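The same protein chain appears twice below, in two forms, each given on its own as structure tokens and labelled structure 1 and structure 2.
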Structure 1
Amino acid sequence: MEAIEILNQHKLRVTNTRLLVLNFLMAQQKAFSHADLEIQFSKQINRVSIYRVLYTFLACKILCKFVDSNARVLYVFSAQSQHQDEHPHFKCNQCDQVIHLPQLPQDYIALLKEHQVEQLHLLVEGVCKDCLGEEKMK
């Protein structure tokens, strides 16, 4: 799907800023921080606008947001409506690729049955299949 279609689908105005950011994020399965995007678009978009575009996309669930182990907030495109709620992510430490993971098994959550679970944030970091493959090639 095209970026412009996605904006229309969510009844968002089609602006240059939004197209730039969305096309960029759609082009790769990587997660970016605000700082990353700020550098990427330093000549074209104001920092504050980037914050606002991210905020808007997040509200529409065009993007997923998660926090890495260094408390960096990362944004990644999520082929929309596919991932409704908060879900686990795998992030490759080498290529920064992000993979959306299935929910945790119920029997683990059942361990917590005395408590009422509201949210569950899981981030797995490591080396992805592709990068492992490349290492073997060498």
Structure 2
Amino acid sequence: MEAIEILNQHKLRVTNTRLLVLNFLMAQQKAFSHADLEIQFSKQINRVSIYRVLYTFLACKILCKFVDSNARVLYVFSAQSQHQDEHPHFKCNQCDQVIHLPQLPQDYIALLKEHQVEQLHLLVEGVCKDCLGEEKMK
């Protein structure tokens, strides 16, 4: 799906700023912090505009947000922007690739719904199969 289609699907105004950020994130399989995006777009977009785009994309579930073991808040494009339930992510510590893992089991979700959950960040960190394969070839 194209960036313009995604913005239209979520009834968001198509702007150059949104398109730049969304196209960049869609082309990656990595997660980026706000600071990473500031550096990436330093000549085109100011930091407040980047923050607003991230906030809007999170609200529409176009992006997923999580905190890594270094306490960095990271954002990654979610190809399944329709997901309603939280799901864990796997982040490779060597190549920084982020993989969306399957949604949590229904009994787990049901138990969480008994409480007022304000944020849920589930992140598994390690070495992806591609990097493991490269290590075996060395």
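Rigid core (definition): largest C-alpha set, two forms, superposition within 1.5 Å. Just so we're on the same page, residue numbers count up from 1 along structure 1's sequence. This is a predicted model, so every value here is computed, not measured.
Choose between structure 1 and structure 2: indicate the form predicted on its own.
Only structure 2 matches the form predicted on its own.
H121 C-alpha moves between the two structures by 2 Å or more, core aligned
Yes.
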